[in-house]
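Presented as structure tokens, the chain that follows is alone, the form predicted on its own.
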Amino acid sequence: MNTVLSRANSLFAFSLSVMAALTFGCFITTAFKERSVPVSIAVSRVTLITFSLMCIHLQSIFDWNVKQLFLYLSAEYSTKNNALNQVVLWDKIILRGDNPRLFLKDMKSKYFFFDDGNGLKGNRNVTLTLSWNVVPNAGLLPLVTGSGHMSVPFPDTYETTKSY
């Protein structure tokens, strides 16, 4: 005869197997979904990185397996020392149930744009890209890049701030 602990162990193991199968089913139903949407980026002032973002169709990314989106705007450029430099300028978390419409006008960069080694001064190809991580209930964390970017040239001289 089986003891109570043996039966409880069997019941727990069976329940865990069923939960693992359901979690895998949750993952596989949304694993191959296309999550890219069109993005429009505009830059009004390069010296202080003032930008505007228009991305209206974020609702199509949300489905029953998405908890939140982590959006971030990054600047990519190359220098003599490094083939690829990436700097995050702005980020935002959109939870399920929040307003999925993204329309930002004349936003300033949230983080400092530090020029390590003077690679930005006079750089003619700094590309701004909006990307996001989809945080699911179950499954992988896909990194998605929006289907729009903007390249801006940086000035040859830096602006100095006035001290009063």
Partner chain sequence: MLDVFRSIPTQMDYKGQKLAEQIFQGIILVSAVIGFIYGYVTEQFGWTVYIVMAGFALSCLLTLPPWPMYRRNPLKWLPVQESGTEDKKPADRKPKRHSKS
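Positions refer to the first chain, counted from 1. Computed from a predicted structure; not experimentally measured. Take the two forms, superpose them, and find the largest set of C-alpha atoms that agree within 1.5 Å; that set is the rigid core.
The following text describes the form predicted together with the partner chain, which does not appear among the structures shown.
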Q | Within 4.5 Å of the partner chain in the predicted bound form, all of Ser40, Lys105 and Thr127 (non-hydrogen atom) | A | no
Q) With the cut-off set at 4.5 Å between non-hydrogen atoms, does Asp98 touch the partner chain in the predicted bound form? A) no
**Q.** Proximity of Thr23 to the partner chain in the predicted bound form, heavy atoms at 4.5 Å
**A.** yes
Q. For Asn137, is any heavy atom within 4.5 Å of the partner chain in the predicted bound form, or not?
A. yes
Q. Using 4.5 Å between non-hydrogen atoms, is Met19 touching the partner chain in the predicted bound form?
A. yes
Q) Pick from Ser36, Asn133, Thr50, Thr29: which has a non-hydrogen atom within 4.5 Å of the partner chain in the predicted bound form? A) Thr29
Q: For the heavy atom contacts within 4.5 Å of the partner chain in the predicted bound form, list the residues of 5-20 involved, in sequence order.
A: Arg7, Ala8, Ser10, Leu11, Phe12, Phe14, Ser15, Val18, Met19
Q.
Aligning on the core only, does the CA of Leu140 end up 2 angstroms or more away between this form and the one not shown?
A. no
